[in-house]
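First comes one chain, alone, set out as structure tokens in the form predicted alone.
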């Protein structure tokens, strides 16, 4: 066979392996250094023997870090209590929704109504530039943001086993954060400095309220995604004479503590996020996000509309009662004067507005002093916000939502 340049070529991978094999078997050359050092009286020690760990015991070093070691959840844990506490967390909802929330908080509801002052402020027209800013905020949250995360799997009831391609996009948590913070920013920009300087805006603060109801120890753990506080307590003039209230229902045969899992590790004190020494500590408006990927039933069933609305009521009660216990102490029952707080819950499209009046923390039974919840639900901000034929489109923008948000801020 005639030799050619192709046949004379070497396989690079084979040549490298052979070279590695040969070099790996090389024998070190004795240069006579060891005999020369010994002749001069210098001790020589084998390197492998030198690096061996000595059998001497070593003391354990206590490294100071940002986190303490996690203590095991047993009876020796400092938060362990023998009596269980039935806990409602931010990621769960009540089985009976609004009805169960009414029983737990001893609250009557004025549905479809807000205080007269808020309705008057909501009738004031905002400048056109403000509504243009709201539209840009909606598009920024739903279209223009660059976050790309795996969205929840698409399920088809007709073909439950079919796997649809996964879609990347903006998560519901990110959309709600962008939209609500931009709305608060627009409200502050459109108001006078005297109004904004008397308020604080804090994000993602924890609130905790613990109370007794008919022998059961109940705890609400919640998170205010946005909490607006003021330098003086919020006051609403409420005319209760002509309002048809929804009375506290009877849940029989369901108990009011259903879907509240018991816990033995808890703190038996309520928690309000701001210290008493803060000048602008009084709660004014609390914002609550409903993220479908984070909030669910204990039994993994779909969240219903009444459960979403009940979440607003328990959230407002948590913030108001934690504030009341910070002022009057943990054992307070009937308050010397009512505490008011505004509450807004949204999933990025539907808005639920409410005003809560806390009159008592004695929630046993249905007689005596009751708390009051004024609410206006299912106010839609827009119908659709998406790309259509390569163009960002916002359909059916509702300016009434911003009017209510601005009224809440200025009341």
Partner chain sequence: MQLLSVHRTFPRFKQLIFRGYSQAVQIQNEDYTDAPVYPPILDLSLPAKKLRTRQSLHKKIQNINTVEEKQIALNMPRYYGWQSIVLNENKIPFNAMPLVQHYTRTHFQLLDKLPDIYAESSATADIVLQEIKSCIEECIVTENEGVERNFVTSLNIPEKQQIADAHTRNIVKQINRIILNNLTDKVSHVLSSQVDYNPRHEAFWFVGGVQLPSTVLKWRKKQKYYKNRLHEPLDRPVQYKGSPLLTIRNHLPLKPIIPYSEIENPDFKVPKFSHCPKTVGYFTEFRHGTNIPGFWPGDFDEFGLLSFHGRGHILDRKDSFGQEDNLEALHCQAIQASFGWLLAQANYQGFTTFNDLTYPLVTQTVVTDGQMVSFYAYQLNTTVIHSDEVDINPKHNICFGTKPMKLYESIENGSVKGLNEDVLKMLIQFYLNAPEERDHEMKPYLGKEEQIIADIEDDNKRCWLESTYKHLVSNRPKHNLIPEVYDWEKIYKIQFNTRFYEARRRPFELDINPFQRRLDEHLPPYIPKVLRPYPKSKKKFETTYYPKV
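Positions refer to the first chain, counted from 1. For clarity, every value in this text was computed on a predicted model and none was experimentally measured.
As for the form predicted in complex with the partner chain, it is not shown, yet the points below apply to it.
Just one listed stretch, out of 105-113, 199-207, 82-90, 298-306, contacts the partner chain in the predicted complex at the 4.5 Å heavy atom level, and that stretch is 199-207. Contact with the partner chain in the predicted complex, judged by any heavy atom within 4.5 Å, is made by just one of 125, 168, 154, 73: 168. Note on contacts: among 290, 272, 287, 266, the single residue with a heavy atom within 4.5 Å of the partner chain in the predicted complex is 272.
The partner chain is not drawn, but in the predicted complex it has no heavy atom within 4.5 Å of residue 399. Although the partner is absent from this view, residue 216 stays clear of the partner chain in the predicted complex, with no non-hydrogen atom inside 4.5 angstroms.
Taking the partner from the other structure, the partner chain in the predicted complex has a heavy atom within 4.5 Å of a heavy atom of residue 146.
Proximity of residue 247 to the partner chain in the predicted complex: non-hydrogen atoms within 4.5 Å are absent; the residue sits far from the partner.
With contact defined as any non-hydrogen atom lying within 4.5 angstroms of the partner chain in the predicted complex, the contacting residues in 375-393 are 387, 389, 390, 391, 392, given in sequence order.
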